[in-house]
Ligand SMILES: Cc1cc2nc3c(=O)[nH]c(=O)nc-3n(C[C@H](O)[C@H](O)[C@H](O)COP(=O)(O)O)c2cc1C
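Quick setup: one chain, the form predicted alone, written in structure tokens, and binding and motion questions come after.
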Amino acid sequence: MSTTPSQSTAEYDMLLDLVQNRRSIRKLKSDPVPADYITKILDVGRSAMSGGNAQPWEFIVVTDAAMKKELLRTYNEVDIDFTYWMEQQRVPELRHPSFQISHEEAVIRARTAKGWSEAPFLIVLLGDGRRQWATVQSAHTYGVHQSHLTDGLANAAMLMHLAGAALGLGSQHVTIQIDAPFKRLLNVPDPLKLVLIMPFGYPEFEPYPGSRRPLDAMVHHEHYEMDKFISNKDIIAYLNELRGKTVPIYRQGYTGTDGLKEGDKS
């Protein structure tokens, strides 16, 4: 069934509004969510594109309170600790906003923060690299975790984030770097990769507006326009500017406050 140009424009405007206003929410209410919302989100995720239509994703829905707490504990003790010490290789002001804190503060946060364990449900995204045998051989790398696996799973995850936003839910993208302990907890078979955990729930607060680079700064016509290329030195200046914008947003995300420390307020 064909659509008119005006209908197509209206649908595009709806999509653009959804994409531009979706935010990663790090403080979610524990309020229950209608059960059919979970099915709706999963149904959108399974419709994602993948190499050779391999559909390499599988999903574990976690609603059990004890399991959610155990997953968060494992995340704090394994992934967060690994990432924290990796971030120490940067100068403090360029570290990721989540890690511009002391190790003592990080330990306290890990021990006391309830975080996404209070979200009404989690979706754990798994990837079966063997299904990627469906795609072209040039897309393969060594082992069962093929290069297209990451692409396909990212497609599914983004669609689920958007589906949640369309239903009025907030969500978070919790990337898993070291998946072995999580796989043991959830009884995931060895050939599968546990890629990320997606908490969903109603937002605890109204998030800050997002910011994006101007479109004309990243679009080139017919060839790469060298006047838009930035040097390594300029990249560092860009990171400094970016951190100034994102650190308050991350503070708001973890605390639900306005994102500013007392010393930041004028």
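Don't overthink the numbering: it's just position in the shown sequence, from 1. It should be emphasised that the depicted structure is a prediction, and the values quoted were computed from it without experimental measurement.
The following text describes the form predicted in complex with this ligand, which does not appear among the structures shown.
Can we say Arg90, Arg95 and Asn240 each have a non-hydrogen atom within 4.5 Å of this ligand in the predicted complex? Negative, none of the three is within 4.5 Å.
Just checking whether Ser24 would be counted as a contact of this ligand in the predicted complex - the rule being heavy atoms within 4.5 angstroms. Looking in the predicted complex, residue contacts with this ligand include Ser24, since a heavy atom lies within 4.5 Å.
Look up in the predicted complex whether Asn187 has a non-hydrogen atom within 4.5 angstroms of this ligand, and give yes or no. Answer no; every heavy atom of Asn187 is more than 4.5 Å from this ligand in the predicted complex.
Determine whether any heavy atom of Gln172 comes within 4.5 Å of a heavy atom of this ligand in the predicted complex, and answer yes or no. Yes.
Do Arg213 and this ligand come within 4.5 Å of each other in the predicted complex, heavy atoms counted? Arg213: no contact with this ligand in the predicted complex.
From the candidate stretches 53-61, 66-74, 24-32, 220-228, select the single one in contact with this ligand in the predicted complex, where contact means a heavy atom within 4.5 Å. Of the options, only 24-32 has residues within 4.5 Å of the partner.
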